[in-house]
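Shown next as structure tokens: one chain only, the form predicted on its own.
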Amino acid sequence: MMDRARVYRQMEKDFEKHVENLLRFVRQPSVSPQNIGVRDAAELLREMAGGAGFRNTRLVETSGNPVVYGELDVGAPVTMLVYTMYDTMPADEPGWTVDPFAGEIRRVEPFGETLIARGAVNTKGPLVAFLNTVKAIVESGQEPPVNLVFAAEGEEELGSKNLPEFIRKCESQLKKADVLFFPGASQNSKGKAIVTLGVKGIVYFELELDGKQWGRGPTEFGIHGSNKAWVDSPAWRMVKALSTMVDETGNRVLVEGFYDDVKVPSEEDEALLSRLAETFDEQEVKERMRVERFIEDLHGVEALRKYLFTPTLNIDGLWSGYTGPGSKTLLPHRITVKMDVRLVPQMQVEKTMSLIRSHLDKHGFSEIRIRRLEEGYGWARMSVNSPYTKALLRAFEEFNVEIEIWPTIAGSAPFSMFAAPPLGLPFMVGGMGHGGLAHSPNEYLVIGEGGPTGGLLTMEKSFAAILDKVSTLKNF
């Protein structure tokens, strides 16, 4: 049995070094959508994983960005696959108070010392905190209580499109794992620990129409707006197509068959929803998102059920013609719409895309092109009664925090790629600590202690506790 008291003392002794490790990594850009610094970040992470005690560290090449891989086999009966990501979104949004790649620590109320940087919470901070944890275990003269397989991908922000290639290449090593663990910061801004048991799937695509493929309207460039009197508009054509896909509120999808495979919440889900509604802080969520009301003015269980168990068809962005300052009358020749679908049990990526194609064709819009930007992936779920979920909950309970269990989240992560055959892995997500504003200006991770949430040290201690609790499971 690992002596966690010794590990905690080692963490406290090396805390400044642990902060330095974190700063070093967030200061290395790894912006996968813009291909900025990604390979340099992978090389740095491989070095850091080796320095933490992982062996056989290497870059597993894919058709895209490499996966950083490492192993630490200590002969334990349980093997944990630690899956994480080293890539980030861009940081070109207005409103940053610091250079997003400078990794500055500032005092932020009510949290205290806080790291502000792109990737601070999503997910370079938790990633480095886990490596710090393993390093502290080794430097305390001990071994982790479980065998570890480490896999950090560089394309999560691109939809993990080459992760299946990595899984095929390393299938024999990955099959040794009993469970997948995704390190994260689970505490909300008030210190409550949020345990999530699942994710929705996602597929991201573009609809595009231009006059040339349509055979009507301008074919090569935008023309003077006065020509609308006798020339068709691809932009209006797309607007009409989009309007057939949802009802007048925009909230009910009218694509034929879209809801056919949607599984209603189970009895376990409904029980979790009822408990969640008792502690869910609706007003805090609305204030954080700067929204005044939910769809249909829903509250409580009804709002949570719609949020967590309803598939969505979303317009992420659309553009056509002139969008600069001032006026310029123009009849544009092309319009592009970025869209995503969030998939719930039992929806499938390929069938959903086929339904959208069929809908457009049936309604007379066969000229609209669908371009997949990501391969997409499915939903994944865990039961609250899973021994791994119970191990995670027992670890959290040691930190004397309120715990709130969510049957799933409305967001997406590629856990289904590991949960599906050939690996069939159960999964756990999280850890103590708090951060926020992922994908937004001033993304942050709490470093210091003493505020309403745990800091970096608490996060690292929670990771050690999770390893310990998983190691004691008998029914894996």
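Throughout, we count residues from 1 along the sequence that is shown. In this text the structure is predicted, and so the values were computed from the model without any measurement.
Absent from the display: the form predicted in complex with another copy of the chain. The rest refers to it.
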query	finding
Within 4.5 Å of another copy of the chain in the predicted complex, all of 93, 216 and 332 (non-hydrogen atom)	yes
Stretch in contact, per heavy atom within 4.5 angstroms of another copy of the chain in the predicted complex, of 177 to 185, 70 to 78, 312 to 320, 264 to 272	312 to 320
The single option of 202, 82, 382, 116 touching another copy of the chain in the predicted complex, heavy atom within 4.5 Å	202
Interface residue in the predicted complex among 163, 391, 158, 347, criterion: non-hydrogen atom within 4.5 angstroms of another copy of the chain	158
In the predicted complex, residue 55 touching another copy of the chain (heavy atom, 4.5 Å)	no
Heavy atom of residue 386 within 4.5 Å of another copy of the chain in the predicted complex	no
is_contact(residue 304, another copy of the chain) in the predicted complex, heavy atom dist at most 4.5 Å	yes
Distance check, residue 60 to another copy of the chain in the predicted complex, heavy atom within 4.5 Å	no
In the predicted complex, residues of 366 to 400 near another copy of the chain [heavy atom within 4.5 Å]	373, 374
